[in-house]
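Quick setup: one chain, the form predicted alone, written in structure tokens, and binding and motion questions come after.
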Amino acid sequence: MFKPEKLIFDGKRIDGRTLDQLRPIKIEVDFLKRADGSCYLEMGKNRVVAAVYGPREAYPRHIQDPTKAVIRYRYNMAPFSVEERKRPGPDRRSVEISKVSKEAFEAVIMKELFPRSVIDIFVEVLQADAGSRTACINAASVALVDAGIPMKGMLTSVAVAKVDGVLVLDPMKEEDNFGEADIPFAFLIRGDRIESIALLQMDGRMTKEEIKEAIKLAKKGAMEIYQMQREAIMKKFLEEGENG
């Protein structure tokens, strides 16, 4: 990828957004009819699908936990999702993203209500841009609500990057590739309040003050995404009510 000379011009980014502006987001609930819950989500140029199955009896039996449900989360990028064809199957990056995303959801799903069962969350990246892990977490959170899985709140995810020495919300591909730092967040949101940070990773370096500012910026973006998640879910249930 060609590196632009500058990524920020007079407070605007190369795609025309302001520093604290999200990329366009589209959310469609109940996208896959055979899944217990599903969601199709676009976030910038990311195109992702999440499907939830369960709670159902866990097999093989040795994975069962008599006190709570087992959560399984699989993040996968389709071979055609990137410009240079990706090798099919899991790689080191997808295993790492699956692990940290699973841990974030384990903190919010009420696992103790479903002993000896398993809840499977599958997320597939059909087209990748910067922030595919955040897009997948947002889609998976909606799919879990669609499946009727009890949770302490919703997980909402967004990244903040340091680009040309300034912080930007929801970085695009060029900002992610050529910026100085990048922090993906996931927040547990209940009602209209952020309860806690469920996921925080960092690539690059920021000062203590920059990290504080990044958290503030990420919270602003997360609340905006959360409203879109809620609206998409409400739209689906209202349509179901109208159709009897």
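All residue numbers are counted from 1 along the displayed sequence. This is a predicted model, so every value here is computed, not measured.
From this point on, the text means the form predicted in complex with a small molecule, which you will not see here.
Among 140-148, 113-121, 127-135, 161-169, which stretch sits within 4.5 Å of the small molecule in the predicted bound form, heavy atoms only?
That would be stretch 127-135.
In the predicted bound form, the one of E28, E195, D176, D65 near the small molecule [non-hydrogen atom within 4.5 angstroms]
Here the answer is residue option D176.
Is there a heavy atom of K99 lying 4.5 Å or less from a heavy atom of the small molecule in the predicted bound form?
No, K99 is distant from the partner.
Report yes if any heavy atom of A107 sits within 4.5 Å of a heavy atom of the small molecule in the predicted bound form; otherwise report no.
No.
Heavy atom of I71 within 4.5 Å of the small molecule in the predicted bound form
Outside the cut-off, so no.
Exercise: M154 in contact with the small molecule in the predicted bound form, heavy atom 4.5 Å
Contact with the small molecule, no.
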